[in-house]
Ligand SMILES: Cc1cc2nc3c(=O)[nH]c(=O)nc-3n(C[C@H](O)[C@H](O)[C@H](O)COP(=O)(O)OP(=O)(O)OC[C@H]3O[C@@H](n4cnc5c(N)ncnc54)[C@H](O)[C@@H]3O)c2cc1C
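Before any questions on how it binds or moves, here is one chain, the form predicted alone, in structure tokens.
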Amino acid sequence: MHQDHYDIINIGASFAGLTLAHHLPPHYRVLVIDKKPALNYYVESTGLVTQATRDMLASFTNVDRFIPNRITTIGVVAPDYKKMFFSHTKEPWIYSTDTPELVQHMSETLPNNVTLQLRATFSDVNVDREQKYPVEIRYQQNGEQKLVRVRFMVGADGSHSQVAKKNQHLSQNTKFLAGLEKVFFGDITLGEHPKNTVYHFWFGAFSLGYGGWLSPTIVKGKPAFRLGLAKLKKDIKDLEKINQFIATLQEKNMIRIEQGTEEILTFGSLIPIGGPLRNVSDKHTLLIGDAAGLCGAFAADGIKGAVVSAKVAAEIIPEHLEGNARALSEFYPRIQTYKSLMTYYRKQQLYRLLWNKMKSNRTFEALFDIIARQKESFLHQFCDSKDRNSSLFWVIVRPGSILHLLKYSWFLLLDMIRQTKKETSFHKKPI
């Protein structure tokens, strides 16, 4: 079997893999493989990027061409669909992207030293440290077995990384949200500025683990919107409730689906929520993006982690190949230099721990009441929590919210007691 040789191979061609390919030094031969038939076929992402992430993307690709909506408002809807609040900023705090076409554009503008192969599925890896190109990669492309030798391999292949699975020295994601999203032609009719608003629905028992979302977009020049549900992976079968969610939004005149049309796109994904993985590298391999667990455990946001980790990888991999034995150990410390991003991930894990203990509508409604009192400052804290290392903690803990906080804490305690009794009953063996 013919063997080709490259310096670096990226397994995966989404935000992480393509950003890395754009930033590696031009004297390296780089191969990028992805199993999709086309990179604008679908992308497992809601495609929302913050200002800081937009700026990083704009430094090497024409991201503004693929931004249909500049978002200045967030709408938060309580479990009863009756209570809601809107929080605003003067300038856009997040951007909706035409994600499939943006990723396609990133692939079309790759440097000349990069080769991209689609319909290519990674299958196995072997390492022979005596070889100049020690990493032997096997993959299938269009049903044909292929073999390539490289000096270094990057796992940019998402939350269920096959690169991590094939390497006993690397950690793997074990905690996930299961998400399902649909895209429709039509309009959002909720609030005063729906074209500039994203919405988060708190469902309590209807969708434990995360909730629902709704955001505007443009598809083929026509107004459209994206909506979805996410739940803990153990409840993945309940994602069929998305149709009930859609029907409720229509009944309450919150959305209008263009007459005579069905959903444009439906896709599901597993979102890692366990936080950054402990072991993400060995001498010949590095995991980046979702494969490394660089996704907000609470907000389920992964694009910034993908872009930042790829930019850092593009710095440390050449240093490693040129003999710096400590270069790969600098991966997380250098990510931290991007506005304390690792600190953000640690906070997200604490928020996730708390959110997972909330089990009833009344608990979600009590938390909603606390945050709604701070709606004027909520969005500033929310959008700054990742880009400027602020904290959502201070939205909740305010002197004027003590009574509401006590009410929330009581309901949370009751949820925890009820859950403990339920688990004890489930595990009790019959006599």
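In case it trips you up, residue 1 is the first one in the sequence shown, and so on. All of these numbers come straight from a predicted model, not from anything done at the bench.
Just so it is clear, the following notes concern the form predicted in complex with this ligand, a form of the same protein that is not shown.
In the predicted complex, which of 156 to 164, 126 to 134, 255 to 263, 324 to 332 comes within 4.5 Å of this ligand (heavy atoms)?
Stretch with heavy atoms near the partner: 156 to 164.
Between the options Val77, Ile271, Val312, Leu102, which residue brings a heavy atom to within 4.5 Å of this ligand in the predicted complex?
Selected option: Ile271.
Can you pick the one in Ile71, Leu170, Ala224, Ile303 that has a heavy atom within 4.5 Å of this ligand in the predicted complex?
By the 4.5 Å heavy-atom cutoff, the listed residue in contact is Ile303.
So, in the predicted complex, is Thr363 in contact with this ligand at a 4.5 angstroms heavy atom limit?
Although this ligand is absent here, Thr363 would stay clear of it in the predicted complex, with no heavy atoms inside 4.5 Å.
Please tell me whether any heavy atom belonging to Ile188 falls inside 4.5 Å of a heavy atom of this ligand, as the geometry stands in the predicted complex.
Output for Ile188 is no: heavy atoms all beyond 4.5 Å of this ligand.
Counting only non-hydrogen atoms and a 4.5 angstroms cut-off, does Arg54 reach this ligand in the predicted complex?
Result no; Arg54 lies far from this ligand in the predicted complex.
Is there a heavy atom of Pro216 lying 4.5 Å or less from a heavy atom of this ligand in the predicted complex?
Taking the distances in the predicted complex, the answer for Pro216 is no, it never comes within 4.5 Å of this ligand.
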